[in-house]
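Only one chain comes next, encoded as structure tokens, the form predicted alone.
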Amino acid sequence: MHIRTFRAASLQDALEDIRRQMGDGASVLYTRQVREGWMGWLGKTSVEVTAGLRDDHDVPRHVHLTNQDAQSDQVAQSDQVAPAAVANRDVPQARHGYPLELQDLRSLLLFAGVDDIVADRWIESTYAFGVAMASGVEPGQWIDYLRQTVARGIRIAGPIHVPPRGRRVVALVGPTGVGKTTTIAKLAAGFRLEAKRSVALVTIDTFRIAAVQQLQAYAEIMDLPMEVVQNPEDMQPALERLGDVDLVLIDTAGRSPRSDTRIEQLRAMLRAAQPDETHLVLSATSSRDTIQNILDGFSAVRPTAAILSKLDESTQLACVLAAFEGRNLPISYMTTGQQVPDDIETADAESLVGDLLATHLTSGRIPQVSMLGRNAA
């Protein structure tokens, strides 16, 4: 194998250099992020990729699978792709047994921030789905099968349910900066202007004067009643003053998921409000670790659904959706911008997996460059 190292501003640029100089048969053996400058300080970040070019006899034979090929591969490599192998973390053999295009997708999942255990689970399920297809797998189809695999694992909550009679109380919680107040305004506008339901607003975000003023401005524009609540004892009297509205939306202050004191204060407010639904707002631009920390920290307030905000600012959702693996929390809404009330829609699995990986890396046919490992500097 001929081995060379490339350095570029992004992974995409590095892959293009590899394909241009080494051809489509090259494999990525190692990647890392490097920071230039003195001792890594005050320098720009780039990607360093080590690639290898296999000899002809080293190239895996089944880049394209027909149903007949798939059956023989399942028998010949059953010990390589079995679930037990993945469970035992003996996955390097299994990776070599996958078509190159599927290996590429696994590499892109890892680069996007997906945990290797989740990535292996997704790829294994995708491979099983592909080999079961009677028509075989054409080049470029593996990304569609991967999206279908991930979509099957996404739980969808549906929109807020406002019954014909009676009042529905819904609270939005989450960390600072994820767009809770704007999302409240979008929901209020949708139910007030489109569904023709009576809506009222409550804010307990008294830590930020600007937040109260922002929600008050929305309330005035839409002619909605609004209450400001500062402590749990004031919650029920405030709700009573709102009268017999169909929907009450409660805006809460941003909380750090690591602050037990602030989370407990939020729990006290929610106990007083007794919401029918509690939606946890998460930014789609967050890393997997950040989202997992938020999910863990806010589990104390028992959210019933999650709202993914800022989808317009995220190029890929793989790491976000990976963070929901094994969580009993469905997704209710997606927001795609700042416009009120337009940039919000009910969540659906197909839309979420449409941007599973960066479009500039997965549009058309996946480049035949395999990344077998990834390490950060």
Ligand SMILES: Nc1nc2c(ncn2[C@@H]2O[C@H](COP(=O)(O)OP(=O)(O)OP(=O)(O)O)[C@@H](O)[C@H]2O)c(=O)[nH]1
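Start at 1 and count along the sequence shown; that's the residue number. None of the values given here were measured: they were computed from a predicted structure.
The protein also exists as the form predicted in complex with the named molecule; that form is not presented, and the subsequent description refers to it.
With heavy atoms only and a cut-off of 4.5 Å, decide whether G177 touches the named molecule in the predicted bound form.
Yes.
Going by a heavy atom distance of 4.5 Å, is S107 a contact of the named molecule in the predicted bound form?
No.
Counting only non-hydrogen atoms and a 4.5 angstroms cut-off, does S351 reach the named molecule in the predicted bound form?
Close contact is absent here: in the predicted bound form, S351 is far from the named molecule, nothing within 4.5 Å, heavy atoms only.
At the 4.5 Å heavy atom threshold, is S332 in contact with the named molecule in the predicted bound form?
Heavy-atom contact with the named molecule at 4.5 Å: absent for S332.
Any idea which of 237-245, 179-187, 156-164, 263-271 reaches within 4.5 Å of the named molecule in the predicted bound form, heavy atoms considered?
Within 4.5 Å of the partner lies stretch 179-187.
From the list T50, T346, S46, T336, which entry has a heavy atom within 4.5 Å of the named molecule in the predicted bound form?
Only one listed residue qualifies here, and that residue is T336.
Among the candidate residues S256, S125, Q214, Q141, which is the single one with a non-hydrogen atom no more than 4.5 Å from the named molecule in the predicted bound form?
The residue from S256, S125, Q214, Q141 that makes the contact is Q214.
Mind listing which residues of 144-171 have a heavy atom within 4.5 Å of the named molecule in the predicted bound form?
Going through 144-171 in order - heavy atoms within 4.5 Å of the named molecule in the predicted bound form - there are no hits.
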